[in-house]
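Structure 1 and structure 2 below are the same protein chain in two forms, each given by itself as structure tokens.
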Structure 1
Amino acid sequence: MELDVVENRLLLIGPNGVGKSNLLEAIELVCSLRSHRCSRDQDLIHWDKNEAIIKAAANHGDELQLELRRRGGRKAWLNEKALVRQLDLIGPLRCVCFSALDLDLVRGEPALRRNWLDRVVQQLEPVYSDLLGRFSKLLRQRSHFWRNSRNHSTHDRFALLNAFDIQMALVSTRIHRRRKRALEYLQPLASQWQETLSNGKENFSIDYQSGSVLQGEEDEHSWRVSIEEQLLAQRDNEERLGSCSVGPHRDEIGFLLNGVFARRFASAGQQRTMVLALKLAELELVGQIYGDSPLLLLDDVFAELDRTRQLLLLEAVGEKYQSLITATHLDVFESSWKADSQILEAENFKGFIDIR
């Protein structure tokens, strides 16, 4: 299929299972090389086909192409030039995606919030992926070591654990610092969006509860030394439990609404608004840093916002961001949303969207 986006806002309307989210997923893939729904390329290709191709042309002239194959890896092209590093495809087009799956960001497990934050930081700092990779490898090596070291002497074990501690303290410090910094950027933006979307009634704040105690001002050396001490202090416990209790893998990012934990006390609608505020904060931050606003993809989240919040969102996002929005019925949108929008009604014939 081919789609020419002519307006700043595209409303994609169609019954369940017609492929609306599929279209947004394709855009997300070509922008970020990942899909929030699945991680295997095989699941992204049509049942009867061996490959899938996504092409995108941006206003400023860049042409992106991503090819997925049932067998073998991906291939990426930028302006008809095959890329050696696929990561180089990220940049000309960026997007922030919000779907029903993201609601777990507020009410789900802490790991979901860490993953979300990690993805934001990864967009801002390329070195961050390497730090995360190192840290998870260190954790795995360490837990494996505990499981298989019962017959070694305490002295031998401690010598090797010291070697792990030194590395973990360094990597942890750097991960904590980047997460903390990213949250400091995101917090004012998210809180402003929440205020806008709730018509000034709700206050959103973020509380970074780091998995290591970070004392005093941000300082690589003193944090590192202190984390090394904490790792040493928890060693007896670690031996009993088999898991390390200090480090960024124990971080919790607390979202507070009017001062109380939203995970437990906010209503479903308030949580939804908070996720939206976080996504908009991410949108704004990425836009600020790269000097070019990302696309906003809203997948079937409108029906769940009340009239006032919808109107406020329209006002806020308005002309500022290019957005692609899906819904099952056109009537969920306020009439002001329909104006100045490109409306696409998809009918289901053979499992694909037919655009005329």
Structure 2
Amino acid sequence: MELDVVENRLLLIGPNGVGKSNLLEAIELVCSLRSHRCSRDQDLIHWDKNEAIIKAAANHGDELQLELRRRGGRKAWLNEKALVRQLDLIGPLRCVCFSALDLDLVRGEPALRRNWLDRVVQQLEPVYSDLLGRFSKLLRQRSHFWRNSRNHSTHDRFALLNAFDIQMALVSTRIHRRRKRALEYLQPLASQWQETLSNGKENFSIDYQSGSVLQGEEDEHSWRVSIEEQLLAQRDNEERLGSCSVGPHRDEIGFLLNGVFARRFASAGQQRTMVLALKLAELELVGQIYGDSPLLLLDDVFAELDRTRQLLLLEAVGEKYQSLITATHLDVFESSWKADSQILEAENFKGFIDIR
């Protein structure tokens, strides 16, 4: 089946369980190679099928295709040419997605906030994925070393740990720098959006709590040397506990509302507004850098927002961004919004695989 997006705003209307979220997830996958709901490709394929295919065509002519298979991994095509690196599919289409699951971004575990920030940085620098992959591999190798350290002589142990420290300090520094820089860009934009969506009543700030002590000004050499020293200093504890306590895997991102940590004190509506402010800030930042705003995907965005915040959100989105929005009923939208939008009401969205 094929879906033609002909207006700046597409409203997907239907009851729960008909596949509205699946459609937005397919768009997110072909834009970013990632799903905010699933980590395994097998969970993205219909239970009685062996593959799923997503195709998309951008306004400027690029054609994208992503094939998910139960066996053999993924395959990606750009303009009918098979890609050696799937990362090369990112760029012709970009998107920012908000769903009910994103509420955990404020109230969930630190890993969720790190993953969100990493997705933002990947939007800005796709090669950032390589840094994350290198760090994850080093962390696994280091853990494996400690489990088998008795098999190494004292000299070999020190030599291997010194090599780990040098590599981990370098990669950690580059991850820390990019995360910190992205948050510095996002902070004023998110604060502005929070003020807009709360009608001027709320102030939003972001606190980056690094998993390494970052001494002095942002400088790769000084940060790298400092992290090497911290890795060396924590070796005894690492050997005893079996886990490394220094590095970006220990980062935390704190969200504050009116100076108080939102995880503990913000209401559900305020938390949802904060996540929306972050997503809109990401949308604006990517648009500033690339000169072309990403698609805005809003999945069941109006739940837990009072009517005032709903209207402020609709006003903020306006005609500025190309948006695909799901809802169970049309009555949440103003008449002017419905008049200027493409509306698709259906009992089943699950069959759409071709998006234009």
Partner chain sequence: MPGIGPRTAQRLALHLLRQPEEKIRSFADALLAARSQVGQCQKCFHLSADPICEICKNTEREKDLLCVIADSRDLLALERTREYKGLYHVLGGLISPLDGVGPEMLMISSLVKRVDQEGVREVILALPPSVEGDTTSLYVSRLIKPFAKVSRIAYGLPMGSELEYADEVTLARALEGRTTMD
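Along the sequence of structure 1, residues get numbers from 1 upward. We call the rigid core whatever largest set of C-alpha positions still superposes within 1.5 Å between the two forms. Only a predicted model underlies this, so the values are computations on that prediction, with no experimental measurement involved.
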{"item": "Displayed copy of the chain that is the form predicted alone", "value": "2"}
{"item": "Residue 292: Cα shift of 2 Å or greater between the two structures (core-aligned)", "value": "no"}
{"item": "Did residue 88 shift 2 Å or more between the two structures, C-alpha, core superposed", "value": "yes"}
{"item": "Following rigid core superposition, Cα shift of residue 333 between the two structures in Å", "value": "3.1"}
{"item": "Distance moved by the residue 47 C-alpha between the two structures (core-aligned, Å)", "value": "4.5"}
